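Below you'll find only one chain, the form predicted on its own, shown as structure tokens.
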């Protein structure tokens, strides 16, 4: 068996070498080995937790592609630390096939066993959502139904959803629990339509005990999918089955969503996740650090907590970089050494802090307009050109898509935003005073939001 595993890993390694740089393979995969392969998936041994996290964060896609190339299918992936502290560690990005969850429950779809309430750090910014999630997990369908959790990117919405599902699975006998994103729900619905398989699709979703659906804001504008989800929602609710929803905004702020769905989303409890305060950010770093076999001083942890304030996922990414540096170099990280390595994450944090609304307000002030002019249909040059500048700045200073920017400027389409950005860039190249004004606005907005 050992020889067979070694042969399979050798084949996987050949595929990996074609997909990642040679130095990356030598550093992260040369010491790895295949420990087990079976119906539950594959188990890969790595030297320590740093290797596991780094592979998951940077090389999971080529690893999956290599597994498919060799095995002919994509198995569930689990990592095990084989040196130092020998402990199976749940993989944040491990995909479980339908009907698999810790090898015990056949009615569980999409849950990540690595997310639970014990690993969730609670602070003033998330204590209501956390308490509501625990209440729902304790008595599904009987307390807050639906539970609607909303907040910005990287604040822990998905973690709470999986924690609910995992807690229900542990408490129940054979519960039917499904975690799915709204995009996956939409794609499954479209596939069912194309294959005349709607009855099977409906049986799957309307027979659940707990439905956890992530990023419901992306249902906006999808009329057929909204119609289907409306009836799915009603069926589960009427059967006293638990529904948990997440979104990046509150239900009333979701665009292109039917009023009857918005109304139902507000039937239960709406809990907002806010960016964590600095004490909570430090606690998150310390808890994450406890699973890593490295030592990082409080000065470095405090530096990360002070400069990365709005996104827990990015905060954990920063910690990963510092931990990898400490593990591979054998040196104790210092703020001076780490600041250049974290600069792009810090700059990204500052960019994401600028809102489209703040851009519109400041541009309107500078050009002596009303904020409502930014979203109006008026087209005189005195309004249209500042509005184009605001779109240009929104494209540069936020991570909003072209569609989202257009929607924020009075429902304009993505082509209008692209045209505006191109027109402003052209004018800036030929008009020095205009370029200076736009560059000043950009620096001012970034500076104000980052302060």
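Residue numbers count along the first chain shown, from 1. Given the structure is predicted, the values throughout are model-derived calculations rather than measurements.
The same protein has a further form, the form predicted in complex with adenosine-5'-diphosphate, not shown here; the description that follows concerns it.
**Q** Look up in the model of the complex whether residue 121 has a non-hydrogen atom within 4.5 angstroms of adenosine-5'-diphosphate, and give yes or no.
**A** Judged by the heavy-atom cut-off of 4.5 Å, residue 121 is in contact with adenosine-5'-diphosphate in the model of the complex.
**Q** Is residue 303 part of the interface with adenosine-5'-diphosphate in the model of the complex - any heavy atom within 4.5 Å?
**A** The answer is no: residue 303 has no heavy atom within 4.5 Å of adenosine-5'-diphosphate.
**Q** Using a 4.5 angstroms cut-off on non-hydrogen atoms, would residue 264 count as touching adenosine-5'-diphosphate in the model of the complex?
**A** Heavy-atom contact with adenosine-5'-diphosphate at 4.5 Å: absent for residue 264.
**Q** Applying a 4.5 Å heavy atom distance criterion, does residue 18 contact adenosine-5'-diphosphate in the model of the complex?
**A** Result yes; residue 18 sits at the interface with adenosine-5'-diphosphate in the model of the complex.
**Q** Just one of 237-245, 152-160, 358-366, 251-259 has residues with a heavy atom within 4.5 Å of adenosine-5'-diphosphate in the model of the complex, so point it out.
**A** It is the stretch 152-160.
**Q** Only one of 286, 313, 341, 206 gets a heavy atom within 4.5 Å of adenosine-5'-diphosphate in the model of the complex. Which one?
**A** After the contact test, the surviving option is 313.
**Q** So the Cα-Cα distance between residue 321 and residue 19 shifts by 3 Å or more in the model of the complex; is it shorter or longer than what we see here?
**A** Closer in the model of the complex, by 3 Å or more.
**Q** Knowing the shift is 3 Å or more, I'd like to know if the C-alpha atoms of residue 204 and residue 68 are closer or farther apart in the model of the complex than in the shown chain.
**A** Farther apart, which means the C-alphas of residue 204 and residue 68 are at least 3 Å more distant in the model of the complex.
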